[in-house]
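Only one chain comes next, encoded as structure tokens, the form predicted alone.
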Amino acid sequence: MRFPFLAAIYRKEMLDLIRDRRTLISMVVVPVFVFPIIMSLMGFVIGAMEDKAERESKTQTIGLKVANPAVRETLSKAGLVVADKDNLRALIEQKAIVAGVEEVAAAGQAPEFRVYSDNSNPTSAAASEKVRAALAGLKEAIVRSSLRASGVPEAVLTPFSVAKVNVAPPKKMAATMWGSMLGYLMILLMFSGGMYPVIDMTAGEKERHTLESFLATPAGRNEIVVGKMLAAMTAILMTALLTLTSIVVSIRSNRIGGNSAEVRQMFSTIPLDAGNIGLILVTLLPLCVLAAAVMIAIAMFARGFKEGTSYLTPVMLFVLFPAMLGGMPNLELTPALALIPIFNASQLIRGIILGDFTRAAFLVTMAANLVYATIALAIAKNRFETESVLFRT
């Protein structure tokens, strides 16, 4: 392997990628500009919808079919607009009222108050929650009043209290959430980000009829395919890192999570330090080689850019499921599971972020992915040396 030829091929491929508008858009423009815009719109829409549901739940009518005047008074004091109505279900379905309360009394039994709502409608769901909270307050007030009238101290209602204490610090809670999605996102973006650069340097060269002149240079076939591999790996890593950075920054600066302070706190806390980032990059490197080699081997069969896109699109479907499965909680990365490609890297990244992975799982994952990457590289080199594939135009 001659380094000067390898460096020249790598430089040539990178220049081609930078000059190609489609590739540049997929590598830089989409990660840097499109994702922040999407996240900003999502945050704005989520916040606006929740605020709208909150406002409308206080202004739209709550239908009542009750005999107890205290219910009407309690709901009015809670700031809800109430009116006597019949056939509450039909009125909610017709959006004439936002929610309804019906009193059902059976002989010899305590009355039952049924709260009707359309939970597919955020406004109706929010209104029903307000109604239930108001009725719970009324129920407690009635019980306390009865106890006082009977001379029984109200303390009997609360002989003890129960406090829910989460021993996990906020950083670990954030790690749980980010660990479930970060590995999946990184792996998916590696494959999707490398697809267009790989197609351009294989099927694209066939379509432009520049491959023949490239093969006429003193560079050997092995040097050519390794140079293209290095360029593809650079594009894959750059696209994944740019996109991931863009997503993280966008999530931290927007209202993802809505009105839930706990969810917003978890989104805004990125549980990554220099050590974790280094381990994640080491985990992704063999997978990066695997992704580049597999896509080059498949794209070499295509005659042109469009056909190459058709060939590589199904690859994303094969990557999607194991990457998503690897981010699921309650799965332990055992040495046996560490042999499954894609899944093992996604699960290992989750363990790194949580600080919960074993050295054996890490070593088996790295060794397995290095073996898979070596096999894929050998197949890509073989495809590049097969004339029937190389000149399939």
Partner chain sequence: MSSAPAFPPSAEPAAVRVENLSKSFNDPKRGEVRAVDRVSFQVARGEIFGLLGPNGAGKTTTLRLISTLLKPTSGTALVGGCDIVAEPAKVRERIGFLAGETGLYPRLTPREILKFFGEMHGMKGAPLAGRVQQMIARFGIEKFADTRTDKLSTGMKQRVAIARTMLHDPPVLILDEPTAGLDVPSARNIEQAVKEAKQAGKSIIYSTHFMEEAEFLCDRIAVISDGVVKITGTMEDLRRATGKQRLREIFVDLLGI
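Everything quoted here is computed from the prediction, not taken from an experiment. Positions refer to the first chain, counted from 1.
In what follows, reference is made to the form predicted together with the partner chain, a form of this protein that is not presented.
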Is residue 215 a contact residue for the partner chain in the predicted complex, using a 4.5 Å heavy atom cut-off?
-> yes
Is residue 89 close enough to the partner chain in the predicted complex to count, meaning some heavy atom within 4.5 Å?
-> no
Proximity of residue 237 to the partner chain in the predicted complex, heavy atoms at 4.5 Å | no
Proximity of residue 276 to the partner chain in the predicted complex, heavy atoms at 4.5 Å | no
In the predicted complex, which of 163 to 171, 205 to 213, 288 to 296, 144 to 152 comes within 4.5 Å of the partner chain (heavy atoms)?
-> 205 to 213
Work out which of 219, 82, 185, 319 lies within 4.5 Å of the partner chain in the predicted complex, going by heavy atoms.
-> 219
Are there residues in 2 to 24 with a heavy atom within 4.5 Å of the partner chain in the predicted complex, and which are they, in order?
-> 5, 8, 9, 11, 12, 15, 16, 19, 20
